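Presented below, as structure tokens, is a lone chain in the form predicted on its own.
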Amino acid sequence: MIKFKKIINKKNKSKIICLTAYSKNFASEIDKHADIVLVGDSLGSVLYNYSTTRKVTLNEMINHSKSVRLGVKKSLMVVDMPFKSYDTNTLALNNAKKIIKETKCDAVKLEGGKKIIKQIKFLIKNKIPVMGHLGLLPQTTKGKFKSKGKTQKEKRQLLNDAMLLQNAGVFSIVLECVQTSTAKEITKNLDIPTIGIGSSIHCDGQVLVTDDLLGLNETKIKFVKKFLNLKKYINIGLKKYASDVRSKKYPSKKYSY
């Protein structure tokens, strides 16, 4: 519980850093800088070129999370529960237990508010730590993705859902693509931290897909800032390797038995 208190105590004090990871090598580097490492179902599009996160399976989430766990030493590790894995209380509990047992993660994340509040309450009652997720919900959104919280009706619904999640016992809530003024109001009204993705600087923390911020994906999503062109450096290394092999510089005696 110490890890969860550390996250909650950051509210109004210091920004929470959350990043995605799908393998040990990335996780071990992310762990040096992040407070939360999220094994997101975004791995569907990032790694498998799925058109939607709905195609991601429980086994895929578990297998990648096992790898991530090997690289995470200090951060809180959260795993997304995939689409259709928490449709009922019993299903949600069985799958959450399976995820935690097999991956040794610290918590799970579920998308939605009032519609899934029974499942969230049931998980928390059974000592499963839960991170909430409101705003744009990739698992259930049909058609074009749009920002949320623009109308008064949407704003009220998001505020109500956020309070429901807090009262149920979630330790934090991801706000995805929520309008700035709405994200600010939600954050101000909650005692638990909000973690934004495309939801303004007013959230208590931020999360991005690591592959996006490193420039590994050619994404045009508005909220993604490319902090590094990692492809450029990968190509430098690969080009040098190919050149050394072709010119017979590699492997030299130093690299041969």
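Please read these numbers as outputs of a predicted model, since none were measured by experiment. For every residue, the number given is its place in the sequence shown, counted from 1.
Just so you know, the form predicted in complex with a small molecule exists too; it's not on screen, but the next bit is about it.
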* Structure fact -> Within 4.5 Å of the small molecule in the predicted bound form, heavy atom basis, the matching stretch of 184-192, 64-72, 226-234, 37-45 is 37-45
* To do: Would you please decide whether residue 148 lies within 4.5 angstroms of the small molecule in the predicted bound form, comparing each non-hydrogen atom pair?
  => no
* Although the small molecule is absent from this view, report whether residue 174 comes within 4.5 Å of it in the predicted bound form, heavy atoms only. => yes
* Asked: Is residue 27 one of the residues lying within 4.5 Å of the small molecule in the predicted bound form, judged by heavy atom distances?
  -> no
* **Proximity of residue 209 to the small molecule in the predicted bound form, heavy atoms at 4.5 Å** => yes
* Looking in the predicted bound form, is the small molecule within 4.5 angstroms of a heavy atom from every one of 80, 109 and 197? -> yes
